[in-house]
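Before any questions on how it binds or moves, here is one chain, the form predicted on its own, in structure tokens.
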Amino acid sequence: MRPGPAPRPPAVAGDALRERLRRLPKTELHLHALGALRPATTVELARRAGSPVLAAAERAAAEGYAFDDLPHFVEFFIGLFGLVTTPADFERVAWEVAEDLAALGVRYAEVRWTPTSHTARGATVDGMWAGLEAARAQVERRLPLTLRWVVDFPRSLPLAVGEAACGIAVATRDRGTVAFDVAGDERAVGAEPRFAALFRRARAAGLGCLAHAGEAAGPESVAAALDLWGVDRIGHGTRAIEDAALVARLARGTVPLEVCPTSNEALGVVPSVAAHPVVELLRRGVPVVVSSDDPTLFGTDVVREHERLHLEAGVPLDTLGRLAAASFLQASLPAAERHERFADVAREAVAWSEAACA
């Protein structure tokens, strides 16, 4: 299913639009847990740890975060890992993220974690997953949300870190982990052949294979992730638009781009959401998933991402509804499980889309 935008209708605006979009059943397929920390939680954990990010966290709790570019953002993000180290920390953060997502109308979420960065700061894998699975058990009892984990690793670190992360992903595949991802600045380390064995191992274990690409680096990083690693989804992929042949290839295939408009604007990947290439990508038939990336750090959420695409980029509401319906089919779950879990909710999203253009 590759929905494309119809001619632009007058944009619907205001609180009524946000509530309307909140009711749209959605996925969240590109979300970093630490980028979704509640501001008050960040301040509390930073104060407890005596962390150097405390001053920035206190300022951001009042004024919001601001980053100059991707390296500045990554530098701050690294400081967050030392805040979440105990099983209780992981349970609290995962629960709060899930609670916030459910309030936004998200029915399925794949939340990214970087376990090697936590274990380097005192956490243990067993303690981390004890907390995560305790949170997931709460979610299953209390929220209309299916919650799963993605294990990622920073591409700039030694290969041994990637091997450790892949081992963790495989070892926890029966504890909620559904995919393996590589993150970080592609300009520093591209889609290197040395990572291919990690993705082969993850795929053999039944995990989805994901990669950040086409964000800091150009379309060549997207093509390399497809060719060298055989990924199932591309995180961002924004700069694929710079290569017409690559866009045509994406349109012919089934690998969606996890588009995060506000993140791209905040880090200077695009000058504005209005100028985001998502409209052109949709017009050319490229499958797209709308996500929020690091919502707290960028002052957004997944409803706001849909809202901005409608108001600023002119994406029609019925197109957003069809994208949401299709996103359930792009989850990192076996096809039979996707159908069993999401057939009804996907039909809800289709009905929302049909009502939007009525």
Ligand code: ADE
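What you see is a predicted model, and the numbers here were worked out from it, not measured in a lab. Start at 1 with the first residue shown and count on from there.
If you look for the form predicted in complex with the ligand, you will not find it shown, but the lines that follow are about it.
- For the three marked residues, 258, 278 and 327, no heavy atom of any sits within 4.5 Å of the ligand in the model of the complex.
- In the model of the complex, residue 111 stays away from the ligand, with no heavy atom inside 4.5 Å.
- Although the partner is absent here, residue 317 sits far enough away that none of its heavy atoms falls within 4.5 Å of the ligand in the model of the complex.
- By the criterion of a heavy atom within 4.5 Å, residue 107 is excluded from the residues contacting the ligand in the model of the complex.
- Interface membership of residue 95, defined by any non-hydrogen atom within 4.5 Å of the ligand in the model of the complex, is ruled out.
- Partner contacts here mean any heavy atom within 4.5 Å of the ligand in the model of the complex, and among 59 to 67, 286 to 294, 308 to 316, 43 to 51 they occur only in 286 to 294.
- With the partner omitted here, the residue from 183, 270, 145, 217 that has a non-hydrogen atom within 4.5 angstroms of the ligand in the model of the complex is 183.
- Using a 4.5 Å cut-off on any heavy atom, the residues of 207 to 245 that reach the ligand in the model of the complex are, in sequence order, 212, 215, 236.
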